[in-house]
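A lone chain, given as structure tokens: the form predicted alone.
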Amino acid sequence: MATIFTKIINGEIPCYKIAEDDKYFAFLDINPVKKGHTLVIPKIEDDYIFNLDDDTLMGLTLFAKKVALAIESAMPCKRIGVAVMGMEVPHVHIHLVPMESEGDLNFAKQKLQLSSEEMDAIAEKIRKEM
């Protein structure tokens, strides 16, 4: 059965898309810990990052780097935090989070509630930096 992320890739579920190529996809997290919190995923389904073959893992990392640099330009911060947890959706995903302090990468804290207009504006701002 297709994961929610595969359904997003296939356009069955809407998202705030940041970037896409033939192998990878990036979109805003709808439950962000910070404005600009983005998920980067491979288009192939696997639930554990270290199951990916070396080329796919390297490609995912390089794609995530491009997205992270765009986020950093669009959402000024001290750095972009990276987290790979993979517990909430059984599809490999990298969290990219703009950070001012280590506490910004705390996924246990309350998530932001942003309007669709705010999400659209953030996504557009990051896309312009890609």
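Please read all numbers here as calculations on a predicted model, not as lab measurements. In this text, residue numbers run from 1 along the sequence as written.
As for the form predicted together with adenosine monophosphate (AMP), it is not shown, yet the points below apply to it.
- Under a 4.5 angstroms non-hydrogen atom cutoff, adenosine monophosphate (AMP) in the predicted complex has Leu28 among its neighbouring residues.
- Of the heavy atoms in Ile4, some are within 4.5 Å of adenosine monophosphate (AMP) in the predicted complex.
- At the 4.5 Å threshold, heavy atoms of His95 reach adenosine monophosphate (AMP) in the predicted complex.
- Contact between Met85 and adenosine monophosphate (AMP) in the predicted complex is found at the 4.5 Å heavy atom cutoff.
- Screening Val89, Met58, Leu69, Ile44 for any heavy atom within 4.5 Å of adenosine monophosphate (AMP) in the predicted complex leaves a single hit, Val89.
- Comparing 98 to 106, 70 to 78, 28 to 36, 49 to 57 against adenosine monophosphate (AMP) in the predicted complex, the single stretch with non-hydrogen atoms within 4.5 angstroms of it is 28 to 36.
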